Structures are given as structure tokens and as C-alpha cells.
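Given next, in C-alpha cells, is a single chain: the form predicted alone.
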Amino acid sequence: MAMLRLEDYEKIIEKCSQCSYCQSTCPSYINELSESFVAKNRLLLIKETLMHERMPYSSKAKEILDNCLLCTNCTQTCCSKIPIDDIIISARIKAGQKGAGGIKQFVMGKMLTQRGLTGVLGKAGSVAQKLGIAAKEIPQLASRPFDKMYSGTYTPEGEVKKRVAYFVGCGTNFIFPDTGEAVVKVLNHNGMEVVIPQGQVCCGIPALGEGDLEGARNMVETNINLLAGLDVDAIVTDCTSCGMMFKEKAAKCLPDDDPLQEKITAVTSKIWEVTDFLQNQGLNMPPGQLDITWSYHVPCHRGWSPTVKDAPRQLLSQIPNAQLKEFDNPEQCCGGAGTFFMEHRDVAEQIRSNRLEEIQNTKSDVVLTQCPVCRFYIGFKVTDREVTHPIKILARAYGF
């Protein structure tokens, strides 16, 4: 598949068998119980309004497309293997070209392009709130972003097992630098030399999700050119959404014959989520005892790796006395969905309420997830226990 061009997906849309399996995993359908929000019907709407223009792209049509969280659950469920999230993104790109893009697209695209600006997410939140499109629950920024504390190369004591680059997502950089610190220390402790290159920008998934192909392409070009020149065995990230952007979306932001595609292929072949990487490599150092019970909120953006969703379970099972207390539905969406909670506050809060109920019914000391948006959005309401990244628990077991 070439670039995210809506017209290229017509024959793929026709593969939809109307089986309705997508209905069972769609957060907006489960919340609204409206057939309009089921993926199969969104595809029909896109075909009639934006492909063939047999129907007007009305405010209602826009609402139905905007109400998609791009969680990818329907894509992962689809028995016909239709890339539904790519089609939704392509439709938003097309709508933006027709002048129907949302103002949030402009805000997020402009603010995330140059990640190094001081308070970039704070500025985005401030502007968005003034425009009346953001929830009051804007994440609290860390006093110092991660890239002001860590950059360069960190070499472990003793034998170097592997040399890895660390791609630091915006959530870790600006909101949860504690995750980044844990990543560096745990990797070093297990014989990994860690390279943190300067000049990283947002992975591009927020801009792409809003239909801002140009903004996403600029971010992809910056990051790929930066990472492709590194002599490393692997590239790790602690964010499943960043991993998905590199692994599945980056190549689709550029034409097939673009010279950068070769670099994209080289980079994406090395991409790992950090707990998945450690589980795959094996721990050099056995973790110490930790008397803790934990539950695992599986992030929606997990489909790019067959092993990423189970990696924290397998990795943390090696900690003596650490006990997993599973949710009844560990893969249930929390409603955060990148920037979705900003513009669709009521819907996001209703989706989150289902997750919060299960958390309250599951008695554990901590809730773990690899997604920084899930961590923030769940943690904003969960005050009786910690919500954090699995790598933090492993770091704690090592005494960091």
C-alpha cells in the first residue's frame, strides 16, 4: 500500500463481509450503542461521502468519523484483515484537504512538530482550552523534561551485551520522565549500552490521527534520519503508540518510491517496546523480591507486535513475591486515546468509567500499562493506588 490515499482503499473496503465482529471491541459503539459507530458502517459512510461524494460530508458524518478513538481494536478483530484505522486516518486526511479538518488538528500538529520547545504540551493545552476543545484534565508537566536530564550514551559496568538506541516519546519526555530513568537504569543493569540521540521529535501519531499528514511526515523524516545513522542492535521505546507509529505507519506517510523508505525499513526492523525487548533478550540480573500485587491494563496499540501485550506479564513474573491480579477484561479501552479525551470529554469519561469500575473491583497495589496516555487518564481518577509503567516495577525490584 502506498501513501495514505483514500482512493487506494476502495477495493479493500469491499472485502468487508458485514460480520459485525468489530462491534464487540469498539469502545465508542459499546458506549453509545449506535450502529453508526460500528467500523463496518463507518467504512460505508466514508465510501459514500468522501470517495464517491454521493452523500454530503455533513457535520453528522464528521462527528461519526471524529468519534473513532483509533484504538485499532476493530482492525485487530477484523477477520477480513481490513486496515480500518488506516482508512479512518485517510478519510480524515481527505476531509482536511477539503477544508473540513478540525481545529484540534492545527493545534496538535503545530505544537508537537518541535518537541524541544519549553512547555510545548503546556502551550498546546493552553491554546486548546482557550478554543474550548480540551478537557480540564490536561496532564501536569514534569518540572524538567527527560531530555534535559538524559542524553548521550550510558554504558553499563562490565560486559556490554547489546547496544540499543532509546526513542523517548512525548509522554515520557514531558509528563513521566521517571519512566525514562527506569528504562535507562534497567537496560544498563542488564548489560545494555543505551544511546539517547539528541534531536528526537514526536513520533507523529497524534498529528496523523488528526489527519495532518504533512506534520506527521515531517516528524517521521526527522526521526528516521536521526535513528538510521546509529550503529545499534535495537531501538527501544517505552510507548506502544510510538512503536506502532514506527512499525506500521511511518512508511505509509511517504510514497513507495521515496528514498527514505529504505531507511524506514532498516529502522522499523529494530523497533521494540522495552519490556518486550527485555523479555526477548532475557534478564542478565535476577530481580529482587518485591511484595506487591499488580494489575495490567493492556494498551490498545498492541497489534504491531505479537508478543508486546504479554511481555510485562512474563517479565514481572520473574520478580519473587510479585503477584498479578488480572482484570476480567484487561484489554478494555480506557477512553484516553491520545488526544481524543480533549475533544470528546463526555464520551471519553463514560468509556473510562467502565475501566475504573473494574479497577476498583480488582484489589491490587498498582495498575500497570505501557501507554503514557492510559497512565495519565486512568491515574487522574485512581487515587488509592499507583498507576505506572511496568518497567518502573522492574526497576524497583532491582533496588533503583
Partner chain sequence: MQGLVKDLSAFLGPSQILSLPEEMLAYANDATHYFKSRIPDAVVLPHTTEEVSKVMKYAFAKEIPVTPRGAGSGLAGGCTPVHGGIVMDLKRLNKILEIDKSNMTAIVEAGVVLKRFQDILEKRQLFYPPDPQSASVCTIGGNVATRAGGPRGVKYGTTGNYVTGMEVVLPDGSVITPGGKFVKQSVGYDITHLMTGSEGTLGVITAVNLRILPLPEANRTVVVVCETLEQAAEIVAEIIARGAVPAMIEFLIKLAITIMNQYFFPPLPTDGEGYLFMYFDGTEAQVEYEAKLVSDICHDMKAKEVRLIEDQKVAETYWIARANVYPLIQTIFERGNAEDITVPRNKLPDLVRAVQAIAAAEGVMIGLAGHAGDGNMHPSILFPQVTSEAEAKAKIAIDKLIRAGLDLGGTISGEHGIGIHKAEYLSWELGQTQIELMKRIKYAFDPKGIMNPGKIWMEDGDGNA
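Because the structure is a prediction, the values reported are computed rather than measured. Residue numbers count along the first chain shown, from 1.
Below, we refer to the form predicted in complex with the partner chain, which is not included among the displayed structures.
Residues within 4.5 angstroms of the partner chain in the model of the complex, judged by any non-hydrogen atom, belong to 34-42 and to none of the other stretches in 34-42, 66-74, 338-346, 370-378. Taking 323, 280, 155, 80 one by one, only a single residue has any non-hydrogen atom within 4.5 Å of the partner chain in the model of the complex, and it is 80. By the 4.5 Å heavy atom rule, the three marked residues 309, 356 and 362 all fail to count as contacting the partner chain in the model of the complex. Though the partner is left out of this view, residue 382 does not reach within 4.5 Å of the partner chain in the model of the complex, counting heavy atoms only.
The partner chain in the model of the complex comes within 4.5 Å of no heavy atom belonging to residue 388.
Residue contact with the partner chain in the model of the complex: residue 350 places no heavy atom within 4.5 Å of it. Using a 4.5 angstroms limit between non-hydrogen atoms, residue 61 touches the partner chain in the model of the complex. In sequence order, 16, 17, 18, 19, 20, 21, 23, 24, 29, 32, 33, 34, 35, 36 are the residues of 16-39 having a heavy atom within 4.5 Å of the partner chain in the model of the complex; the partner itself is omitted from this view.
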